[in-house]
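Before any questions on binding or motion, here is one chain by itself as structure tokens, the form predicted on its own.
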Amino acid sequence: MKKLAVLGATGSVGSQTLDIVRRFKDKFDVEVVAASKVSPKLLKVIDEFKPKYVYLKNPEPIEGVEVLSGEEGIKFISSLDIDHFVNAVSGIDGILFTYHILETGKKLATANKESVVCLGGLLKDKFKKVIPLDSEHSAIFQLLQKEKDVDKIYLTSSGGPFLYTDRDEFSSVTPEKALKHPKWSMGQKISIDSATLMNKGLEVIEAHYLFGFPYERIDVVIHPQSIIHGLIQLKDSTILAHLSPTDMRYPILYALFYPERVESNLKKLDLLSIGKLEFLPPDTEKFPLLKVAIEAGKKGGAYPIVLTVADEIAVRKFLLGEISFLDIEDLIISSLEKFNFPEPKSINDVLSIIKEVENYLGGKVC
């Protein structure tokens, strides 16, 4: 049996990872789970999967299990004899897990794009060992397994809940409206990022680090049906596409069994029921954060870190009702204009940049 560590076990991706484990009980043993705090959901996970260790961001005792916390706890977990680490932690809290796991040379499957964006310039070649869990990056990863003569990669986007909404109406957008993604069931942070298209900007930076493609060879295309998750254009100008239903369990299943493919009882894609597939150019006048994010990625250095921290704090403030939907843009852009840090040379440099941006914005992300 393969030993698993499911980090972010009570979140959206973590919960779907555990659902795959349930379907293949004879294949996986969950040795570690991580969560931000003790909750009824976490206690149910512990009771069902009986992990040896539980990591908590906000530690408190749990009967019958060893509780770990802090960076020392992360280092200990990273040193364990684990076959697969799944980083499903939301936001910048996932950075130290990604850093220490990759430093040990262990296998990492990750949906935590923030850690890839923030650590990409520092860890560089180590990301070649990462198996992506995001549906778009998993699609590209799978397509690249067989094809090497690739000219360009395309990341698709549903366009979010406001694809057909005039920008004039954005001033009245509430968190409730922004959280209603038309295709995917996701956590709050990624749902708001999808509404602003920041999520796709972060994914472009992530693709740059994961696959080693220059930004000029990474494109974004709006695809409202969310059936095609990624495309690659070959040097002979032909295009290959990856299709699946809008269900994160498909990329999770692939990552857990990689490089094998296994038969599953997940719902099969019914091509005849789809009807049509549409492709539109992204509107960066209406959704400027897509362009802002890509420009930050191209600048490199500390800019992707500032971008990520500012976005996380802005989203949190919006969800709490402290700022408006359009204020998210202003806060991120002003942060990128404010800071010009030297390129980080160590994890401590990365953490120092995070703290300075936190202090400037009056928020905390890790």
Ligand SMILES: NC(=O)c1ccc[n+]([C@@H]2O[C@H](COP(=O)([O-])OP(=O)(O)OC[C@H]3O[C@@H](n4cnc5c(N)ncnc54)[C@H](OP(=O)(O)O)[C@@H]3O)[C@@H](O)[C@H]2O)c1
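One-based numbering along the sequence shown. Treat the numbers as computed from the prediction; the structure is a model and nothing was measured.
Not pictured, yet referred to below: the form predicted together with this ligand.
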_Going by heavy atom distances of 4.5 angstroms or less, which of 118, 108, 89, 140 would be at the interface with this ligand in the model of the complex?_
89
*in the model of the complex, the residue from 186, 102, 227, 153 that sits within 4.5 Å of this ligand by heavy atoms*: 186
*asked:* Under a 4.5 Å heavy atom criterion, is residue 57 part of the interface with this ligand in the model of the complex?
replied: yes
_Exercise: residue 113 in contact with this ligand in the model of the complex, heavy atom 4.5 Å_ = yes
_Quick check on residue 248: any heavy atom within 4.5 Å of this ligand in the model of the complex?_
yes
*asked:* Check residue 32 for me: does it contact this ligand in the model of the complex (non-hydrogen atoms, 4.5 angstroms)?
replied: no
*Want to guess which of 210-218, 124-132, 142-150, 178-186 is within 4.5 Å of this ligand in the model of the complex, heavy atoms only?*
178-186
